[in-house]
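Listed next as structure tokens is one chain, alone, in the form predicted alone.
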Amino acid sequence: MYGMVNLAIQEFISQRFGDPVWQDIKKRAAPDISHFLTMEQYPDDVTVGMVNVAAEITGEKLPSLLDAIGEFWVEFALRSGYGELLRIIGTTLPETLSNLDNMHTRVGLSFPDLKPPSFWCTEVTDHSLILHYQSEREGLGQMVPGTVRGLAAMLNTTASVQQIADREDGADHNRYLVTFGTEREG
């Protein structure tokens, strides 16, 4: 996992729970790493370990924590030099979600060892779709609903996300029913 993901988790934890909580998490989950570098590759178990320790220390349920990190991830990416790329992949939520793999291909030019998840949409209507998510990584799929809501917010709309198939329950990949289309106020 590239450091950018770990930096987003660090910023999320520090903002939501305070820097002392982050320092405790880092000390327990990544004691040999002084700081994360955006373009540096880190073992996946460091990232998953940080989130698991964060849930333990904060008392947050892991699915809720990952969901919140997913939503925060979009804000973080928008501020971290990937805002323009996120904004050009689509003007609607279905278009944006359908172009995530294309965006990851572009990002892969800067991150040569990138192993992104794959996303695709089926059963697209004016207000709903089925989002398919497949990853070789374990433990971070629960970020998807928050990420979808974060992308919806970026597009000034709302989205609700319900998981309808889970790899942990025997499905070959995760699937989500995404309902969208109410313009946000403000």
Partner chain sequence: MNYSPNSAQFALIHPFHMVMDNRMLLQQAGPAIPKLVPGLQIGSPLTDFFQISRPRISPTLEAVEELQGSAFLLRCVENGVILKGQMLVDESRRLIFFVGSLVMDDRLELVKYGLTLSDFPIHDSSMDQVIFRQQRLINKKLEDLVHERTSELAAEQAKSDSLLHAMLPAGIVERLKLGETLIADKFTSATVLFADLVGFTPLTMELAATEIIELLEGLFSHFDSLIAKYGVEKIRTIGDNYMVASGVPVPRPDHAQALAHMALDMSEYIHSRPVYRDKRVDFRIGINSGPLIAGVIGDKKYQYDLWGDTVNTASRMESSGTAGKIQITRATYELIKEEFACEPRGKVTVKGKGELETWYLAGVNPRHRMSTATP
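Just so you know, these numbers come straight off a predicted model, no measurement behind them. Residue numbers count along the first chain shown, from 1.
Just so it is clear, the following notes concern the form predicted together with the partner chain, a form of the same protein that is not shown.
K.L.:
Taking the shortest heavy atom distance, is residue 74 within 4.5 Å of the partner chain in the predicted bound form?
P.N.:
Contact with the partner chain, no.
K.L.:
Heavy atoms within 4.5 Å of the partner chain in the predicted bound form: does residue 81 have any?
P.N.:
Looking in the predicted bound form, residue contacts with the partner chain include residue 81, since a heavy atom lies within 4.5 Å.
K.L.:
So in the predicted bound form, does residue 114 come within 4.5 Å of the partner chain, heavy atom to heavy atom?
P.N.:
Although the partner chain is absent here, residue 114 would stay clear of it in the predicted bound form, with no heavy atoms inside 4.5 Å.
K.L.:
Does the partner chain come within 4.5 Å of a heavy atom in each of 87, 95 and 102 in the predicted bound form?
P.N.:
Yes, because 87, 95 and 102 each have a heavy atom that approaches the partner chain to within 4.5 Å in the predicted bound form.
K.L.:
Which residues, if any, of 100-135 lie within 4.5 Å of the partner chain in the predicted bound form when only heavy atoms count?
P.N.:
Counting only heavy atoms within 4.5 Å of the partner chain in the predicted bound form, the contacting residues of 100-135 are 102, 103, 106, 107, 109, 110, 111.
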